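As structure tokens, one chain now follows by itself in the form predicted alone.
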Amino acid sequence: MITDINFLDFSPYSTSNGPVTMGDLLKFVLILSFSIIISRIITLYLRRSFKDKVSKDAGETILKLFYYGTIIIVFIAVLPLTGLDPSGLFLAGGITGIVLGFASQNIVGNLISGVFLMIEKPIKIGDQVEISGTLGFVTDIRIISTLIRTYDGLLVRIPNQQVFTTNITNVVGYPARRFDLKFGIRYSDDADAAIFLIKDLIDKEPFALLNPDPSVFVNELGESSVDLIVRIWAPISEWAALKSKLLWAIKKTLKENGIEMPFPQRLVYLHKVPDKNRTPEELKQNQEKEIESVLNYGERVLT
């Protein structure tokens, strides 16, 4: 005679919370296994989504946090099925978390800031930025820090908490950028003619944007020149090249048309009080000596 036993109702052991059946253990294993499979599928999908958006190191860190975090949460949620009380784990974990929190609060702050940077995306790899006085290219956005390569080739590591809480200037964040050129011409030159020549040069440049439109105007009447300002918008990819090109082209064009850029001029008057105790002949001889001294200054220095 075969005994009829319901396998799922069989209780291999008991705890303070009551008996644990094979059905409870089977549910625990199935739920945990199912969560692992789902987490891996979501991780693969997120890895493809992060491929062109964040660096490989940062993306892998986020994926690992998501994967293991999901498994830990599910494990704690289904732990009562095995007859174990997770409150003891929470208590121990809470005490450990407090200790670790005080010991590594800066690391946690950088970690959270790194996640927010990847979500908000104020900067991305390859952007030209200014962060905390550091100018350069973003080479990597990691989970703890951001790497900046300065224009002179230095690699600067900035903690993400500092990046997230400070002002960020993204040089290439907007598709177009304006530059200003300043020129001074002589008072005797025709300012209207200079403005016409400059505008004609700008019209011939295909990368000088028409909207917003460029402007050329007299900005100030200086001490020795009439100061002009040229304001031009250009695509961010052509901004530096167009600025350098127009700077020299305007200078050459103005010179070719007889419009000069004057140097600052100063007139200095020296008045020497004559010595009343000397005769006119002595004063004349002293003046000739001073002139000879000035003329021979270069020779004395060279020797």
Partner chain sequence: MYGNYDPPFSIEKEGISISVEELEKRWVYKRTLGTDTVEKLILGDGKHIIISPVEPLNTPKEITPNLLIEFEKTLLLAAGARKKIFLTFPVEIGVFISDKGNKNLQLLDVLTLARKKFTLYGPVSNGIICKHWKSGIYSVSPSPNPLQEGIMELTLRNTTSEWASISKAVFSAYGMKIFYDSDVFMRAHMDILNKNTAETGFELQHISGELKSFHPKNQETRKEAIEIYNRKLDFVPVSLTFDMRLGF
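Being a predicted model, the structure only gives us computed values, none of them experimental. Residue numbers count along the first chain shown, from 1.
The form predicted together with its partner chain is left out here; the points below concern that form.
*Among 143-151, 167-175, 114-122, 222-230, mark the stretch whose residues have heavy atoms within 4.5 Å of its partner chain in the predicted bound form.*
Flagged stretch: 167-175.
_Option touching its partner chain, based on a heavy atom within 4.5 Å in the predicted bound form, out of 137, 75, 207, 179_ = Here the answer is residue option 207.
*asked:* Just checking whether residue 212 would be counted as a contact of its partner chain in the predicted bound form - the rule being heavy atoms within 4.5 angstroms.
replied: Looking in the predicted bound form, residue contacts with its partner chain include residue 212, since a heavy atom lies within 4.5 Å.
*asked:* Given that its partner chain is not shown alongside this chain, does residue 235 nevertheless sit within 4.5 Å of it in the predicted bound form, heavy atom to heavy atom?
replied: Flag for residue 235 set to yes.
*With a 4.5 Å heavy atom cut-off, would you call residue 192 a contact of its partner chain in the predicted bound form?*
Output for residue 192 is no: heavy atoms all beyond 4.5 Å of its partner chain.
*Does the 4.5 Å heavy atom contact test between residue 202 and its partner chain in the predicted bound form come out positive?*
Residue-level check for residue 202: yes, a contact with its partner chain.
*Can you name the residues of 114-134 that have a non-hydrogen atom within 4.5 angstroms of its partner chain in the predicted bound form?*
Residues within 4.5 Å: none in this stretch.
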